[in-house]
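Below, in structure tokens: the form predicted on its own, a single chain.
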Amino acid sequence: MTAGSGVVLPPADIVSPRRHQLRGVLRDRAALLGLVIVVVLSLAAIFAPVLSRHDPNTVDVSRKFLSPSREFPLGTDHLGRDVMARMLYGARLSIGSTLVATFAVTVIGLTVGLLAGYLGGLVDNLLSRLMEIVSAIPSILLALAITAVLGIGLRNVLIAIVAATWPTYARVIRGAVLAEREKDYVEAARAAGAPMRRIFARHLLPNIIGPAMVITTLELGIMLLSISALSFLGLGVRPPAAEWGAMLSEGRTYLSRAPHMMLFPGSAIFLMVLGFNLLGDGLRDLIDPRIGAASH
């Protein structure tokens, strides 16, 4: 209470809950490390033209298989191309395609999960059976089958991965909606005649955003691995485009002669997936500490 004013100030944790959540993430060293890794690699992709000294697709066989040096910090590949330049430009495709695929999975999973959880009955049964059918097939095999039908190319790889992985997200959202739809505030909105769209946007979404953020963050690492795996198999980008999975595939032939061709893109994939997972775990622990305590 301020002196002589009669005004009562709310507690600090009510005034700025978002600030306390941010402090919680910053106090979690693992989550902070994940955030730093993701931000650094993403910035490297954005500023690839500034950071790279050479064109990623310039071929000069007279300088092939060069070891890391001052001129070529990460060496050169079998065609004399600068590995560092290809790593930086490849990050744009790898990270960018991961974000696109995750966004698509999030939109589809959120829509299906909301409809199944809120409407229930026949709609829930049909959508749940569809999720079970898709989930019964290993996602990588389903993605391979879809890619075989659609053809080679990064766009087709993204379509295949989204089609194979959306049920995981939808099931999480459905479970969260089932827990919320019978609560008093949803019942009150329905009784007041609020349309379904308004109930979704104003009542359900704000209360399931926590689980949605966690599964989205964790899904990023899975998406990156899936895209890299299909590109490694030759189903993704077409040469000479640089992408981390494709760079791994090119380097495996020359592993004994130029191990740096696989070491650096493999390390980038590992670090990016680690960053996504650490950040996702931190968000999960912050949103629901009971889950974090049980997992530790």
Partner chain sequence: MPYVLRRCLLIVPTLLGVSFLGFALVNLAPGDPAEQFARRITDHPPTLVEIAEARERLGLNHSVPVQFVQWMDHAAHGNLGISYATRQPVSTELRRRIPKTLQLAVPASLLALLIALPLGSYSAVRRGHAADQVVRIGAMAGASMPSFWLALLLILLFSVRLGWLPVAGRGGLDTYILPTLTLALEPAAVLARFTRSTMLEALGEDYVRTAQAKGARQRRVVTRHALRNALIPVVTYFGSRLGYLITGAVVVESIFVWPGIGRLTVDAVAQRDYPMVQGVVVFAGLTFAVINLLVDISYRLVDPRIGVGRGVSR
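Residue numbers count along the first chain shown, from 1. Computed from a predicted structure; not experimentally measured.
The discussion below concerns the form predicted in complex with its partner chain, not included here.
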Please pick out the stretch from 178-186, 111-119, 145-153, 202-210 that is in contact with its partner chain in the predicted bound form, where contact means heavy atoms within 4.5 Å. 145-153
With heavy atoms only and a cut-off of 4.5 Å, decide whether L248 touches its partner chain in the predicted bound form. yes
At 4.5 Å between heavy atoms, is P138 in contact with its partner chain in the predicted bound form? yes
With a 4.5 Å heavy atom cut-off, would you call L278 a contact of its partner chain in the predicted bound form? yes
Check whether V237 has any heavy atom within 4.5 Å of a heavy atom of its partner chain in the predicted bound form, and answer yes or no. no
Can you work out which of M84, V172, I95, L225 has a heavy atom no more than 4.5 Å from its partner chain in the predicted bound form? L225
Residue (of L35, M262, L66, A48) lying close to its partner chain in the predicted bound form, criterion heavy atoms within 4.5 Å: M262
What are the residues of 58-86, in order along the chain, with a heavy atom within 4.5 Å of its partner chain in the predicted bound form? none
